[in-house]
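Listed next as structure tokens is one chain, alone, in the form predicted alone.
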Amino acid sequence: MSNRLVPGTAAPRLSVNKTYKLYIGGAFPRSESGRVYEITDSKGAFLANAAHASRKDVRDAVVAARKGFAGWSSATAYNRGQVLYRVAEMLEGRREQFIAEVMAQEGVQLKRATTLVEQTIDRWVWYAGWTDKIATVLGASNPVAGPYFSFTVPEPSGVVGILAPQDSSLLGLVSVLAPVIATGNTAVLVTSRARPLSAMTLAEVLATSDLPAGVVNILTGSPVELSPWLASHADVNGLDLTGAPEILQPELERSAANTVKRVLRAPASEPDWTRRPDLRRLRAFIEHKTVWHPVGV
């Protein structure tokens, strides 16, 4: 806590420092472990405290994500798009707060932080717009030699574990999260350990938007500690290794293979998140179902 002088008195006032909790199943529980750690800015000054998630918290988040999957995946593509657009509206409403947090965590100037936040909101809208176009672009009507109709349609994989980028506290975070839920999956996201502030503010946005509970679950703490439990969890269907520690990536891939997960490998270095996205992340965690139907007479 820091001291501030109360107007009209000689006595200093202690400021109220925030302790961010986890975001699981639409609620904000403390970590089961009871642990917290300090978040500092780019110069080492104290910003806030964050919950230090444990293995049990990972399990709870996966249970919440699985519970939320049925409703989210069966919602119409139009409805999912409207919900995600509502999130973008609320991101816009907290624009100034996100700018201040990006400046503090990433050590960038106001102009650069403003650009990153604006691109983040635009990125979210971009993915929201894809929800009702995915089936058209990635599905197909298949030519067959016989009296049948044959259609291939994309479907979500299920629960996806995401290891968020370690450096890009907001734009990179949204760039890995938005395509997962836009395609109908639910997510368990482990934030950057050093820069989780924007992720938890995003959690507050999601909790007060129309996004159903369990669709997104956010854990703060150590990716080194938490990622093996995500990779080995039998009820996780996909794993995005973008923010995984390099030394752990081969082992995480082996653990994911034991339960036949879809794995999106980590890039050699953190990408330039300001570049225009493509369909790669929308394709990463979908399955293709082919349906045959006889032609009526």
Partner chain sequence: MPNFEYAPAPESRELAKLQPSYQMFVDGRFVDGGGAPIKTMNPATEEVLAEVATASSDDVDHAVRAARRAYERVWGRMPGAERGKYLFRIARLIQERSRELAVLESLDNGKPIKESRDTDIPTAAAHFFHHAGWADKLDYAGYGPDPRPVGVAAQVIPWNFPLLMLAWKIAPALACGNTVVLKPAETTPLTALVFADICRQAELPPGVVNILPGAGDIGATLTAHPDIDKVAFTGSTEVGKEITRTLAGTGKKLTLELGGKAANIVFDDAPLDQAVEGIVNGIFFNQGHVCCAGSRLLVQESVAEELLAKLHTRVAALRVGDPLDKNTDVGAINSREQLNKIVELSNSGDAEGAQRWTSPCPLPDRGLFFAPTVFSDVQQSMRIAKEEIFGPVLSVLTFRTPDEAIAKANNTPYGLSAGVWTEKGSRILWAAQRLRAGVVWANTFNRFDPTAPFGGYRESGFGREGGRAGLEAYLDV
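Since this is a predicted model, take the numbers as computed values, not measurements. Residue numbers count along the first chain shown, from 1.
The form predicted in complex with its partner chain exists for this protein as well; it is not shown, and the discussion that follows is about that form.
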Thinking of 21, 33 and 201 as the candidate spot, does its partner chain come within 4.5 Å of a heavy atom on all of them in the predicted complex? no
So if I measure heavy atom distances to its partner chain in the predicted complex, which of the stretches 36-44, 255-263, 53-61, 225-233 falls within 4.5 Å? 255-263
Of the residues 205, 138, 211, 121, which one places a heavy atom within 4.5 Å of its partner chain in the predicted complex? 138
Of the residues 152, 76, 115, 82, which one places a heavy atom within 4.5 Å of its partner chain in the predicted complex? 152
Applying a 4.5 Å heavy atom distance criterion, does residue 281 contact its partner chain in the predicted complex? no
Going by a heavy atom distance of 4.5 Å, is residue 100 a contact of its partner chain in the predicted complex? no
In the predicted complex, does residue 13 have a heavy atom within 4.5 Å of its partner chain? no
Is there a heavy atom of residue 110 lying 4.5 Å or less from a heavy atom of its partner chain in the predicted complex? no
What residues in 222-253 sit within 4.5 Å of its partner chain in the predicted complex, counting heavy atoms only? 237, 250, 253
